[in-house]
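In structure tokens, the next block holds one chain alone, the form predicted alone.
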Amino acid sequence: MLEFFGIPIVNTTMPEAVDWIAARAVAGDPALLAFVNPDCLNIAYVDAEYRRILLEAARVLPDGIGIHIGCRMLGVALQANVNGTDLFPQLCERAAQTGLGLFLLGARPGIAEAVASNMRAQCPGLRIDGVQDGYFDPAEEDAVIERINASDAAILLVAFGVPRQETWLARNHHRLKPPVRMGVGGLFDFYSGRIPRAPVWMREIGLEWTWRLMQEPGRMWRRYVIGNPLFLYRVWRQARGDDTS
């Protein structure tokens, strides 16, 4: 188990994470799964509600090179970068093999549909039991939840961005039927083809963040140029034993 700023993070591998999701989906026990990168942990540092949600989540997984660097600063070995973007195709393969259905909620109109089409082509037999964009009015929320529950999906992926997606899932915890619920940030944009992922070599050496910055500088510069150094400063304080929780 890892811990940043008092938030426990499971130190695991990608195959084990997929096994855990599939097992929870079959068991039917409600579980919130969250992925955290340095930006998420910076938000949790100052946002008490989001912090509480992470503390109460069934599992929190490490996402990104910043977490790896932070672990090295704390003298801890990170087993793997278990980010949602790399986990998703493996989860789809497992779901296709086991008959578990997915529901995709979030992103711009048309994006979730494109993800569904692409992943069905990639994973024959994959059940995507429903899709819904994230641009619905609060008055439509009840109807959206009814659609999700009626779909019989076992895994709900929500792409509203952090912390809105986790807050929405926590607020509707007792109203949702899919056993496994997870916030996936911008994942749909990648698998719809709207935003290209970094080349594999950049991902392998931990430079995917520079690609993201080049693709969306207006949205990403604050996260990476300001947020990453702030996160590492806070980890440095934690390593010194200062109170960072």
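A quick note: this is a predicted structure, and the numbers were derived from the prediction, not measured. We number the residues from 1 along the sequence you see.
Just so it is clear, the following notes concern the form predicted together with uridine-5'-diphosphate (UDP), a form of the same protein that is not shown.
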*Only one of Pro89, Gly161, Gly125, Gly110 has a non-hydrogen atom within 4.5 angstroms of uridine-5'-diphosphate (UDP) in the predicted bound form; which is it?*
Gly161
_Contact residue in the predicted bound form, from Arg51, Arg212, His68, Arg59 (heavy atom within 4.5 Å of uridine-5'-diphosphate (UDP))_ = Arg212
*Please name which of the stretches 71 to 79, 128 to 136, 143 to 151, 95 to 103 has residues with heavy atoms lying within 4.5 Å of uridine-5'-diphosphate (UDP) in the predicted bound form.*
128 to 136
*Any chance Gly185 has a heavy atom within 4.5 Å of uridine-5'-diphosphate (UDP) in the predicted bound form?*
yes
*Report whether the minimum heavy atom distance between Arg223 and uridine-5'-diphosphate (UDP) in the predicted bound form is within 4.5 Å.*
yes
